[in-house]
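One chain comes next, on its own, written out as structure tokens in the form predicted alone.
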Amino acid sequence: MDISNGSVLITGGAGGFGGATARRLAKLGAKVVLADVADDRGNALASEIGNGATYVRTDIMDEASIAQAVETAVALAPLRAAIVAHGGPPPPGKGGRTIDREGNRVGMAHFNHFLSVFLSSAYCVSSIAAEAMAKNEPLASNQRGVIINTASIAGFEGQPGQVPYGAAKGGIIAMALNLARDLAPMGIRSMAIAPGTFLTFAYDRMGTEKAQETFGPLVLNPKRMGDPDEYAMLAQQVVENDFLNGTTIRVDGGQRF
């Protein structure tokens, strides 16, 4: 799909995955809207990218805020791609294994928080973006747009203590094909990317060297954490390749938990 005369919405656009993807899609000529809450990083990235890139402060837990971000993108150019790559606020209460060593269970507030941040918000972005894309004039390829959600290998085989996160990401994996079926009559594709362990801003507190020492050996080959641009390469291919639809692609260096 040619997005050179379109806009792209990226939630989590100031983050590792989002920022790397924004840089790549802007080089294809798209006007990128960075939807995030990291104001300084988002504004700096929009200035760096140029080509009409815009930062919009967006609360992914608020439907009206998401709708405003979509409206911003549509005002720039027809919305052709939406990439859902956001994280969210920290969860309430203690996480860990479903039943801990003291016999206490993980509470529903903690579980529901992960569903809200990683699944419900992703559906909200996807549905509002699809509503806007459906109004586009189709391209010569008969395509109106594409939606890319971010799953995780935890949605396939999570570790102990990852029930809430794994359930949310498993929902993203299930949603990819179902969305594709729903949106096919409108010429809108749906895909998901399932990353393994990537060196994003989430590891800033740990530090790059410590993170690589801890998590790099878990990767089959190469023995390092993923670079966000390797996610972005795949996202770009999904945008450009109209025959990628309705599935989840792992990008994890062969890592298995």
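We number the residues from 1 along the sequence you see. In this text, all values refer to a predicted model and were calculated from it rather than measured experimentally.
One more form of this protein should be noted, the form predicted together with a small molecule, which is absent from this view; the next part is about it.
Visitor: When the small molecule is placed as it is in the predicted bound form, which of 43-51, 184-192, 216-224, 200-208 ends up with heavy atoms within 4.5 Å of it?
Guide: It is 200-208 that comes within 4.5 Å of the partner.
Visitor: Is there a non-hydrogen atom of H86 within 4.5 angstroms of a non-hydrogen atom of the small molecule in the predicted bound form?
Guide: Looking in the predicted bound form, residue contacts with the small molecule include H86, since a heavy atom lies within 4.5 Å.
Visitor: With the partner left out of view, is F156 within 4.5 angstroms of the small molecule in the predicted bound form by any non-hydrogen atom?
Guide: No.
Visitor: For A151, is any heavy atom within 4.5 Å of the small molecule in the predicted bound form, or not?
Guide: Result yes; A151 sits at the interface with the small molecule in the predicted bound form.
Visitor: Is it the case that A67, even though its partner is missing from this view, gets within 4.5 Å of the small molecule in the predicted bound form, heavy atoms only?
Guide: It does not: once the small molecule is placed as it appears in the predicted bound form, A67 has no heavy atom within 4.5 Å of it.
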